[in-house]
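Here we start with a single chain on its own, the form predicted alone, put down as structure tokens.
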């Protein structure tokens, strides 16, 4: 077994619990002492004596935080350090309001690099391996997070950033890229161009994909097309960026959460009550080692469940959660049927001849919703085949069209836009 930090990644559950309780106390007290937002929130919740907070069981008395809190306190209203100690910042797009900002002290960047380096080594990276980082190097955290981790792990960084797919392929071939980092939809695009040009990348062995969820069917399709092993990396702006929460190991049986840096809860998204292991709910995260902006009982909106707290076959002991099934606000309701986009993707990838490019078009006319699913496929696939299979898997028959390879729109960078809304034909 190879680990970046063997001692931390193989702690016993008793050691993890002891460490978490200690760090939870420190984090709660730090936020109270350093920031008025947290102090006011806790006081309003009736927490007048913080020394009564003893361990994780007391977290139920701490109020939740969410994206709205970040937006309402833009830019640095939740920051717990002086401005002079901030060394870096990243932010979300702010497409639904004010942007969400994450600030970093030097130790925060070191923590980010540590978490991300664990992910690289868990995927099979060794010192000096070439890693090609395709997310942009800018306000979005993806590019820099993968860079910080690669530096910590001693990898050879090829910082291509996004776009210019032909150049991406040339650089991967010229420099022997072993690890490709990015979003899974861009890996699909890279394969399309490679296939059209008749190019192979014999050194490419690993794909680390984050920022957009993908089904198990899509993972297998990408692995087959690119000849790689694909990993699902997890992290978000609020937790400090890509890789901070964890990744699946080579067993591909759930995402290992770095429990020495984050404490997780699974709650009922409606009642807010904690759920037992094995039951799906909303993931709530509390950071244990971040200085500038520690998240405390942050409602991620992501749906998952605890798979196991036992030692994994890979040798790591940190809790495993299921792949993210969707978001609490991603559920689509059409003709009385509830489903998530990832369910559609998984069903499509089960059909021989269907390609990874697809669209889910939600059409609303005078308040009545319908769904159209457009896919690219080879000549052997008919619309009836797709409709029949989706009926069996989802419980209703969507409309849709089958397109020839290359006919649906492509994106050269960023997340793929899989769900499109049209109201009264617009």
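Residue numbers count along the first chain shown, from 1. Note that the structure is predicted; figures quoted are calculated from it, not measured.
We do not show the form predicted in complex with a small molecule, though everything after this point is about it.
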Problem - Partner-contacting position among 259, 232, 129, 282 - heavy atom within 4.5 Å of the small molecule in the predicted bound form - result: 232
Practice task
Name the residue from 211, 194, 76, 288 that puts a heavy atom within 4.5 Å of the small molecule in the predicted bound form.
Solution key: 211
Handout entry: Triple contact flag 142, 324 and 327 to the small molecule in the predicted bound form, non-hydrogen atom at 4.5 angstroms
Key = yes
Fill in the blank from the handout: The stretch from 165-173, 148-156, 213-221, 77-85 that lies within 4.5 Å of the small molecule in the predicted bound form, judged by heavy atoms, is 213-221
Exercise for the section: Evaluate residue 236 for contact with the small molecule in the predicted bound form, applying a 4.5 angstroms cut-off between non-hydrogen atoms, and reply yes or no. Expected result: yes
Problem - the small molecule contact in the predicted bound form: residue 319, any heavy atom under 4.5 Å - result: no
Practice task
Decide whether residue 114 counts as a contact residue for the small molecule in the predicted bound form under a heavy atom distance cut-off of 4.5 Å.
Solution key: no
Exercise for the section: Although the small molecule is absent from this view, report whether residue 415 comes within 4.5 Å of it in the predicted bound form, heavy atoms only. Expected result: yes
